[in-house]
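Just one chain is shown here, as structure tokens, and it is the form predicted on its own.
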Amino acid sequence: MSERTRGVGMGRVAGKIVLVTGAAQGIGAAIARLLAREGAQVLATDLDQARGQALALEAGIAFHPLDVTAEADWRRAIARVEDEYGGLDILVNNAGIALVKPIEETTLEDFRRIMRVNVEGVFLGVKSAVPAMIERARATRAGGSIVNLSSVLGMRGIPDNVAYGTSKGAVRQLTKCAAVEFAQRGYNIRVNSVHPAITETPMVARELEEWSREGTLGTQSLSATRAAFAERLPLGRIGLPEEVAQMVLFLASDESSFSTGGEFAVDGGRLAV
């Protein structure tokens, strides 16, 4: 049995300093665990301090409370990274929230709340982290890496998701703008986006409940809603957080050293149909 099969890391990000947002559960927790197993020093961040600290204890990593919409919180998190680790190699902007509502029922405050977390949070992360990344990035061929979690809904539409889909489309474009800018400025920092389809997370569990209540997929049965969504994916099943984490690991590692401004789907084939 190989080390990878046993779940022992192969050191694909050994020696890298990583900050992951929204790391207390779901995809963020899977990313933090995997990068730590692969040799990185991980600072997990989240608003949920209880779950974040539990993850840190379990995975043997550090935790820092962070509201991604608060610039002062970002300053404190980056200052800790610089003080304790000497800089940053990898930023994973994973924190995000969802909203399932028809357009006419979506309030302006609903829309702004989603945009604050999902778009402004990513913008502040990129803006805050880059100064801590440049020196270390320029010292290696592969450079630094920023991975932004978008969604398949940032690339195609679905009913009752105007705020979430718009926010994830903005993350996709923010990623491309930052990638080109940092390349032209010689920062040697790659920026890519990851686009999961529906994944087994607490947030998605809540979304499925909302979709069933709204009848978004033509049924108000939770089990039928779940089955209907799985049927939309050519692979015929809902994804796992660990499968998204594997894509993030590739983009965080030196294996993706010639990839920037790209969009990487982890979607069971959803965007192919």
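Predicted model only: the values in this text are computed from it and were never measured. Counting begins at 1, following the sequence as shown.
Although not depicted, the form predicted together with a small molecule is the subject of the following passage.
No residue in the set E120, S145 and R190 has a non-hydrogen atom no more than 4.5 Å from the small molecule in the predicted complex. In the predicted complex, the small molecule sits within 4.5 Å of a heavy atom belonging to G96.
The closest non-hydrogen atom of L233 lies beyond 4.5 Å of the small molecule in the predicted complex. In the predicted complex, the small molecule lies within 4.5 Å of some heavy atom of S151. Within this chain, G125 is remote from the site of the small molecule in the predicted complex, having no heavy atom within 4.5 Å. Here is the short version: of M247, L55, V204, A36, the single residue with a heavy atom within 4.5 Å of the small molecule in the predicted complex is V204. Partner proximity in the predicted complex, defined as non-hydrogen atoms within 4.5 angstroms of the small molecule, places exactly one of 194-202, 131-139, 75-83, 174-182 at the interface: 194-202.
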